[in-house]
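Have a look below at one chain only, the form predicted on its own, in structure tokens format.
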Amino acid sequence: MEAISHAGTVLGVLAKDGVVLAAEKKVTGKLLDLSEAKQGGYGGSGEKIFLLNSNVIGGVAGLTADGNSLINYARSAAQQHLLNYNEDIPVELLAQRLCDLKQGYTQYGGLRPFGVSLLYAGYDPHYQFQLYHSDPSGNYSGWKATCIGANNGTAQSLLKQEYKDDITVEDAIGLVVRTMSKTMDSTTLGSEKLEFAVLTLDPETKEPKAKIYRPVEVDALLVKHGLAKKDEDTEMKTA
């Protein structure tokens, strides 16, 4: 739990037509190779936000290595369900499968619990869009908006004040970006510090569509909401 309370913030908001996830990256630096996040894969740096299945995105706060292990387990469970039943795994069932594994690690000697909390943002035809949170003990709960990691208390109180039940994805994105700007430890918001993902329905196929933003798209989003980091060099020249 200590590792989670010091981890980068992960924030989720449930809207009537989608789910939004955002996360603060802690591992940053000028010498870090981020070419994979910029060009290859499906977006994301592979540190905080992951695609678990075509209908579920996961956000991780805590020990990254433990998180990677659980992400792989979740992906295997989702694919096994698809193979057996020829349909995407329901979001709550996937959360349950991971929580069963986590609970087992609290029960037997010689094992330590996974030092990870997860947010699951997903869609299934039964309950539409959903947002779940699970902790190392194996407990999980459904939320309209929640936050894990550092400064989660501040974020929760901000979300309580501003969240509305009939919020749209566009408004949820604005709410998430504003909340992250107030709760993150760093003074400037930029793509090197922030990961962002949105799950919506494709208007044509009516299938869930997960989008994990690339660094360029994150910067564009921050500019749109007037929260982009200011160029310090330009400021100093004009001063």
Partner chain sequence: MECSFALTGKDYVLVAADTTSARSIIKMKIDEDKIKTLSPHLLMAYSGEPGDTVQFAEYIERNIRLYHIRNLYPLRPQSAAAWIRRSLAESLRSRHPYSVNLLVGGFDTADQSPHLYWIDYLGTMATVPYAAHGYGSYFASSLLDRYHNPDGTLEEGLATLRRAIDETSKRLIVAPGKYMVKVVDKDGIREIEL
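What you are looking at is a predicted structure, and each value in this text was computed from that prediction instead of being measured. Numbering follows the first chain given and starts at 1.
The next section is about a form of this same protein that is not shown, the form predicted together with the partner chain.
query: Taking 143, 164 and 175 as a possible spot, do all three reach the partner chain in the predicted bound form with a heavy atom inside 4.5 Å?
result: No, none of the three is in contact.
- request: Please name which of the stretches 88 to 96, 70 to 78, 156 to 164, 108 to 116 has residues with heavy atoms lying within 4.5 Å of the partner chain in the predicted bound form.
  value: That would be stretch 88 to 96.
- request: Answer with yes or no whether residue 168 is in contact with the partner chain in the predicted bound form, where contact means some heavy atom within 4.5 Å.
  value: No - in the predicted bound form, heavy atoms of residue 168 and the partner chain never come within 4.5 Å of each other.
- prompt: Does the 4.5 Å heavy atom contact test between residue 84 and the partner chain in the predicted bound form come out positive?
  reply: Residue 84: contacts the partner chain in the predicted bound form.
- prompt: Within a 4.5 Å heavy atom cut-off, is residue 104 in contact with the partner chain in the predicted bound form?
  reply: Output for residue 104 is no: heavy atoms all beyond 4.5 Å of the partner chain.
- prompt: What residues, if any, in 97 to 127 have a non-hydrogen atom within 4.5 angstroms of the partner chain in the predicted bound form?
  reply: Read in sequence order, the residues that approach the partner chain (within 4.5 Å, in the predicted bound form) are 125, 126, 127.
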